[in-house]
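Take a look at this one chain, the form predicted on its own, written out in C-alpha cells.
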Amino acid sequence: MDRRRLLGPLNTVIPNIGISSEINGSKSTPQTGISSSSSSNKNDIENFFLKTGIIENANGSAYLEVGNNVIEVSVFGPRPIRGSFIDRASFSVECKFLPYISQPGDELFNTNNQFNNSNSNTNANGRTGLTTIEHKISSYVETALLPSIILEKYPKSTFDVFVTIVATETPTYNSNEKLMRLTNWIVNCASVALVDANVEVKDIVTSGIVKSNKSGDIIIDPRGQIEDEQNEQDEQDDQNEENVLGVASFMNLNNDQLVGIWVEGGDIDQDLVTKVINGCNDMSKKIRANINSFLIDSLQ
C-alpha cells in the first residue's frame, strides 16, 4: 500500500442523486432551490425550495419553502463552554414561531398558556420562553438530529440550533396533521443547516410523513396531493379519528437507522407501525436524493 497517498475509506457508498422535476429535464442550480418529483401521484412528495447560507453571522443556515410553510434554521457553534471540562459537545434546538403566526394545534396544546401571565411564557414542561407546541417540535428535532452529530470531535463546546417559523399553512385540514407535517420539514431543513455549518456528522438525517386511513392504506406526504385528486372521502378521512399519522427520521447511509418517530391517531398495532415506518422511509429517501444532488451541485 502506498503510504504517501491519502486513501478513502474501504466501504465507500455512492450517494443517491436526485433528479430534478423540471418538465424539460434540466438540472436546477444549487442556489435557486431543489424540487421533489411531480405531485401527480398520490405517493409523490410535494415540491420544495431549499437554500443555504442566508444568515451571515451564523456558522450555518438553511431556508426551506414547502407549500405555505416557510422555515428558517440557523446553527451557531461550536462555541466554547465556560466551566468544567466535558469530553463531548452539548447540543440544543429551539423552535420559535413569529408573533403573528398561528401555531398548529394551538387550541389543543397551548390552552393552558392562555391563562398564564403573557410575560412568563413558560410551558407545562418548564421550558422558559417556548409554548407547548414549540417545545414539542424542539424536542423531536433535537432527538432526531442528536445521533447524527459526532459530539466527541468537539470537547468543551456547544451547538445551538435556532428554528424560526416564518409562515405556516392555513388551517384547512386537521391541525395535528399540520403540526406533524411542519415538524417533518423542520428536521430536513435543520439537517442541511448542520452541513452548511461544516459540522462533522455521521449522516444527513431526513424525515418522512405518512397517513393511514381506516382502510389501512398508507399515503405518503398526504398534503402533497394535488387538489383535483382529493375527493369527499379524503375530506372525511381528515376528520376521522381512526386515521393514523406518523413522522419518522432516518440516517439512510447507516442501514436506514431510525433516529426519531412520532405516531398519533386511532388504533395502532405492530403491523400498522411497520407500514408507517416503511412509508416514512420511502419519503425520506426521496428527499435525501434531492438534498444529495443539491449539496453536490453547491460544491461545483
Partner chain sequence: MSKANTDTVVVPGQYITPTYKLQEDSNIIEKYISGRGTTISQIKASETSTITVIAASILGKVYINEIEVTSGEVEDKNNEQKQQIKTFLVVVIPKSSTYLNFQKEHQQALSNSISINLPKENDIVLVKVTKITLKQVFCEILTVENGDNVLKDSGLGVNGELSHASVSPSGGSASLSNYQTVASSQSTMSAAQFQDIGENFRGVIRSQDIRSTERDRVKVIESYKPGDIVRAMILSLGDGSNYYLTTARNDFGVIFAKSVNGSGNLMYPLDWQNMIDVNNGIIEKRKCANPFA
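On a predicted model such as this, the values are computed, not experimentally measured, just so you know. Numbering follows the first chain given and starts at 1.
Beyond the structure shown, there is the form predicted together with its partner chain, which is absent from this document and is the topic of what follows.
The closest non-hydrogen atom of N47 lies beyond 4.5 Å of its partner chain in the predicted bound form.
Proximity of S138 to its partner chain in the predicted bound form falls within the 4.5 Å heavy atom cutoff. Not displayed here, its partner chain is kept clear of N281 by more than 4.5 Å at the level of heavy atoms in the predicted bound form. Contact annotation: P80 falls within 4.5 Å of its partner chain in the predicted bound form, judged by heavy atom distances. For the three residues L146, L151 and S298, a heavy atom within 4.5 Å of its partner chain turns up in the predicted bound form in every case. For the residues N213, S157, T132, S175, the 4.5 Å heavy atom test against its partner chain in the predicted bound form is passed only by S157. The partner is not shown here, but in the predicted bound form the stretch 193 to 212 reaches within 4.5 angstroms of its partner chain through a heavy atom at V195, D196, A197, N198, V199, E200, V201, K202, D203, I204.
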